[in-house]
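Below sits a lone chain in structure tokens, taken as the form predicted alone.
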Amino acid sequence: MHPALEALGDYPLARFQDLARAMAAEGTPLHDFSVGDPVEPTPRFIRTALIDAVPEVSQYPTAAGLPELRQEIATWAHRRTGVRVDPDRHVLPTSGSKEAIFHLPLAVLDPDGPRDGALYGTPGYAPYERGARFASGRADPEPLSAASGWRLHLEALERDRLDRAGLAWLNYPHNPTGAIADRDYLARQLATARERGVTLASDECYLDIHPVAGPRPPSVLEVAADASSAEGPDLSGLLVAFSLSKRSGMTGYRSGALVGDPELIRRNRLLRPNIGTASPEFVQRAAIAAWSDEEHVAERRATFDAKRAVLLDFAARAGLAVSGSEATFYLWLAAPGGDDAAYAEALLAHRIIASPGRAFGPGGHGWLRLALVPSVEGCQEAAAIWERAIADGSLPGH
């Protein structure tokens, strides 16, 4: 067995998927806020684009993806961030953002060289650590806190950690806390990474999932464009991961993109035929349709807003402390009593599944993540059950 697999074991949220399926099979209503897999239907025009593109003869897709898809991603990036990127030099379609994130260390870390480390924040997305370790690199987590807005400050890290890092991960809007970052913060991180010779990877799969009335989270691409020239934006040392999973309700389609430094894109194009992760071309045709449309994204934002309002109102009434939770479709709650695992276990008796914060690394101890997966009505029902349990003393409220 690979030592990383032996050491890491199961993927943290896999157990919750199994648990939810087992509890759902019992036939009693279940309120599952664990795995971030929304229940809203994939828009019909996306499904139609996929069905219409299924060929009579199935053939291998290319690692570079369809030119039309790269162009549509570049068009969306300009529409969303104001940054013009070259679809042939700066863009690479991926099979969702998760596999791209997991495999990236294979393209940028030298496990036998001086820069074998991957920096990332904890709590955070598990593939940052797992991708580094399976690539025989060194995982280097930095604890995040509510006091710092759940932000990873590269400029505050010890010099030797930056000197050993080949890769540093940012993730804003942030999973699991829902925290956001501003342009000044992103500019400091990009400047520090470039100064120290570290590849900066920004996971922005939740960039389009934010409150309707709230500020639109910035992309690090916008910061890079501040140093643009006649040749275009300066994307050196920068790679950004995007995804259609939450933006367009396409979690099962596995479709995303890497955008950034042409040299890093080139390396990933070299890597990916070895892995065989290119999306089928009928999925790519569906992705073209999804990236080209903003109306369905606005509708999804409004739906998530309604769910967020229900649960924030409940948390305020129940006295549950909320941190972050400014974007994404996650709420980050302090676990009453401080033991996130025990509280998540107690919620199961009320057929509510929440993710204990420790599932996202040691920095998540003492917190709960709620993914806004159930319908608005389901959120209302769960909030009522939870509130009654606090009132009758079967669950602590503080």
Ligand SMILES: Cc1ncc(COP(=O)(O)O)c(C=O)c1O
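The structure displayed is predicted, hence computed values, not measured ones. All residue numbers are counted from 1 along the displayed sequence.
Separately, the form predicted in complex with this ligand exists; it is not shown, and the next lines address it.
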Per-stretch contact check against this ligand in the model of the complex, the hit in 157-165, 289-297, 93-101, 179-187 (non-hydrogen atom, 4.5 angstroms): 93-101
Could you tell me if W367 has a non-hydrogen atom within 4.5 Å of this ligand in the model of the complex? no
May I ask you to state whether Y330 is within 4.5 Å of this ligand in the model of the complex, using heavy atom distances? yes
Would you check, heavy atoms only and a 4.5 Å threshold, whether N171 touches this ligand in the model of the complex? yes
Taking heavy atoms only, is Y120 within 4.5 angstroms of this ligand in the model of the complex? no
Interface residue in the model of the complex among V259, A224, A201, C205, criterion: non-hydrogen atom within 4.5 angstroms of this ligand: C205
Note: exactly one of R254, R247, R285, R151 sits with a heavy atom within 4.5 Å of this ligand in the model of the complex, namely R254
